[in-house]
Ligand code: CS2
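Below you'll find only one chain, the form predicted alone, shown as structure tokens.
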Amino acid sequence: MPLSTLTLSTLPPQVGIPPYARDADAPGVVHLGLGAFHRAHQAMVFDQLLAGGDTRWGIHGVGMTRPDLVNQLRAQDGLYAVRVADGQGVRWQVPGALWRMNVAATERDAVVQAMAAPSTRWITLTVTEKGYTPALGQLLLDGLRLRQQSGLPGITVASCDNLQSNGHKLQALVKAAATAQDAELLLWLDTHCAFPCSMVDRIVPAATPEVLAAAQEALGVQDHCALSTEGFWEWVIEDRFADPTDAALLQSAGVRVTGDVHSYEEAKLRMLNGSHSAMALMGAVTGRPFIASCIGEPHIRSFVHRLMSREVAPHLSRSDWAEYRDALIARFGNPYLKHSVHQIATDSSQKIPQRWPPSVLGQIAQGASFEHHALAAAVFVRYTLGVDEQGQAYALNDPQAESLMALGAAQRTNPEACVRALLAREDLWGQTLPSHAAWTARVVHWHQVVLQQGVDAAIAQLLATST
């Protein structure tokens, strides 16, 4: 028997369930990007607000391309279980905030209508870095245009993706879709809508058969949409809302509302996401399946600690970076989070430009060492071979997969030329690094060590030579 509204009352008493009616009101939030992260992060914040009696935070969830997930969630009435596991123990919760669902690719008009519904107050997005396309801008503009034409109030449109200044970028994307006939709409957008910047942080691996089996054991019913996450979560959002009273509401649920999102945003991108990318690529090449498998190795843990402390932290404005670093290392080692290295390595060409170059450029400006990032970049080049050190092939899941693998193939015959070609790409490294001779030389050096001796030996050599 599957998890559903009918079976909710049969769940064991230790499983948290929604204490509110889920069909009394229309959703107040349209969320684009109905993946695991949103369902274990913002949806649980909105669930908390609903549980407190504020019925305006139900979600109309939009899968951008995946009808299979939406269909599974529809079959379960939008319900799914989340295993929250950390050093304090394990608990299961069924959030109830997801009330309606559509697929943007096949039900576009329903999504536009949802954005223009009188009950809608917020639009949130987790469409990943590669999802910020002209088509997304057009979809949002069409929904907002319909709102404006209907005489409805403006709303808050909040990006929750790993992009610096994500609110500004989202607003620019929406405006770029406008035509000369949209002058009145653009004035309405500027006057009545808010595009706050935000930073979100919670490790949410893709669901695995192990999690689905654990959910069935804990719940006593089948749940095809179950997730596992950590106890830690953070949502930092700019104090910029269409309805200013939302600030206090969000704070009551544990959200940090601030005028300084940037310091949290850059720390998360460069410390958590930057070291995540490095470990994921190392794991993929060495055949270690999970982040916990990587950080559990003393040499990789030392590498990550030093990467964050020596090359990232000097350029951050977040003052509590040392505590943040230590918490990250503990989180990476959570044995319940089977966080696949290949999942994190997905779309590396879109992620690395946000995560590594700012720290490298900061080190260069200070005349300081960037060896840890140079080794990480060398491992990225090695990763494009598409085969690990045990000879097992893996797929590059990346919008640039074809060009990366074409470059990667050259490693077998002319490795230095391959490295230089990859480092010359401004879409990956920005405008400055491709012409920096010392950076290129160090990546070439570490790439040779990785090819000849392996990733683990290269890390050990780096640790031994830079005390």
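When you see a residue number, it is the position in the sequence shown, counting from 1. On a predicted model such as this, the values are computed, not experimentally measured, just so you know.
Only in words, not in the display: the form predicted together with ligand CS2, which the text now covers.
Stretch-level contact analysis of 357 to 365, 141 to 149, 343 to 351, 246 to 254 against ligand CS2 in the model of the complex, using heavy atoms and a 4.5 Å limit, identifies 343 to 351. Leu272 is the sole member of Leu375, Leu272, Cys197, Val127 with a non-hydrogen atom lying within 4.5 angstroms of ligand CS2 in the model of the complex.
Of the residues given (Thr229, Gln171, Thr384, Asn162), Asn162 alone sits with a heavy atom within 4.5 Å of ligand CS2 in the model of the complex. Contact annotation for Arg202: at least one heavy atom lies within 4.5 Å of ligand CS2 in the model of the complex. Taking the partner from elsewhere, His276 is found to have a heavy atom lying within 4.5 Å of ligand CS2 in the model of the complex. Mapping the unseen interface onto this chain, Lys268 counts among the residues with a heavy atom inside 4.5 Å of ligand CS2 in the model of the complex. A residue is said to contact a partner when one of its heavy atoms sits within 4.5 Å of a partner heavy atom; Trp429 fails this definition for ligand CS2 in the model of the complex, lying far away.
Contacts between stretch 28 to 66 and ligand CS2, counted in the model of the complex as any heavy atom lying within 4.5 Å, involve Phe37 alone.
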